[in-house]
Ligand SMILES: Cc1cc2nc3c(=O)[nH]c(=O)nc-3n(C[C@H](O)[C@H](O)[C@H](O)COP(=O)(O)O)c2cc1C
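Have a look below at one chain only, the form predicted alone, in structure tokens format.
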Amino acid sequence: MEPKLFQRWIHGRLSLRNRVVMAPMTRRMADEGGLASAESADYYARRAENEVGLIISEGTAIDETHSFDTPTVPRIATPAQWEAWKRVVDKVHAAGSAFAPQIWHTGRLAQDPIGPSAAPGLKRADGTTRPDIKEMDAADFTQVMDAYRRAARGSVEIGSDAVEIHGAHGYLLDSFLSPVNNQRSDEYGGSTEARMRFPLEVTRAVREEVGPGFPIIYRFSQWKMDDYRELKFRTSEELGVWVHALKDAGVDILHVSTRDATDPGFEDEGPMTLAGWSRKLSGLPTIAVGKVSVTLGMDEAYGETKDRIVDPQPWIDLVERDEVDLLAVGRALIANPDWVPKVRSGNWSELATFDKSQLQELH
């Protein structure tokens, strides 16, 4: 029998040809006005034509104000932007795959940064410094919530099969969970429950907009872009509080982002991965992501060290033993639109190596 990774998977309304997910990966190649381009539609369609079960878009900014980190990030805030994404969705569907936009607010890392608390601006990759981070006030909370609602509504309008809320990597929602970044003393800061409040309010608002039954995926992580060592959940008990709260707020699927999806979630509590713990504690289907079939972590992959391809079997085994439900492939799928047929046929050694230069075009 074929490995579970390549078997059909159905959860509620979401029906996938297999359990392989294209991980959301920022490309910053939108047309003027934040429109997903024709080249982007072809880029996603190539992965669908090569049998990726679920395509999750790159991070897609929710407003025209301050949710994006560069103007070339695609957005999902206006009817014109919705129409551009609909062309992507239609091409993906025509090739037999499902599609979910990832709705995104970059927060502290935005071009015009905001966050739970004021702080000095963060460094950019080119060594320059962003403007100082503005502490969100009542008007900001209202504006951001309205933008999430509009992005959720647009996700349904364009015919998506699901929507993913980006709540990971130190961006806006994730920064509320961090006791380092969230120094508020009002109802959105202080205790664990208070720090969770705003991400959960956003999730409930998205649920209201998309209606019952429409699949919501929530992506979260321990690490953040400016600190790969951060641990928000130090024990499985702490993680359990968070994933149960997400479930109660209306999340259907958890997307657990780790540097390596096969690493133990809590070294003192056995070999189970963070995604495995999330599934066990919440009872929700879970997507694992992190270094699938490559050797370098996210914090290493864009330097001078060269990556290499390795046997994906340890990651596939997570699905085979029911520790997770779905497996998201990132950089290896940028380098190899045909990752699914090559791996399924046992020819993984023929996969091309990811190189940061590949980010210069939509291959």
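Bear in mind the structure is a predicted one, so any value in this text is a computation, not a measurement. Numbers for residues come from their place in the sequence shown, where the first is 1.
What comes next is about the form predicted in complex with this ligand, which is not displayed.
- Proximity to this ligand in the predicted complex, taken as a non-hydrogen atom within 4.5 angstroms, holds for one residue of Arg108, Lys291, Lys224, Lys91, which is Lys291.
- Screening Thr26, Asn50, Thr65, Ser37 for any heavy atom within 4.5 Å of this ligand in the predicted complex leaves a single hit, Thr26.
- The closest non-hydrogen atom of Asn181 lies beyond 4.5 Å of this ligand in the predicted complex.
- This ligand is not shown here, and in the predicted complex it never comes within 4.5 Å of any heavy atom of Pro312.
- At the 4.5 Å threshold, heavy atoms of Thr273 stay clear of this ligand in the predicted complex, well away from it.
- Proximity of Leu359 to this ligand in the predicted complex falls within the 4.5 Å heavy atom cutoff.
- Shown alone, this chain has one stretch from 161-169, 196-204, 278-286, 263-271 that lies within 4.5 Å of this ligand in the predicted complex by heavy atoms: 161-169.
- The three marked residues, Glu58, Ser257 and Arg331, each reach this ligand in the predicted complex, with a heavy atom inside 4.5 Å.
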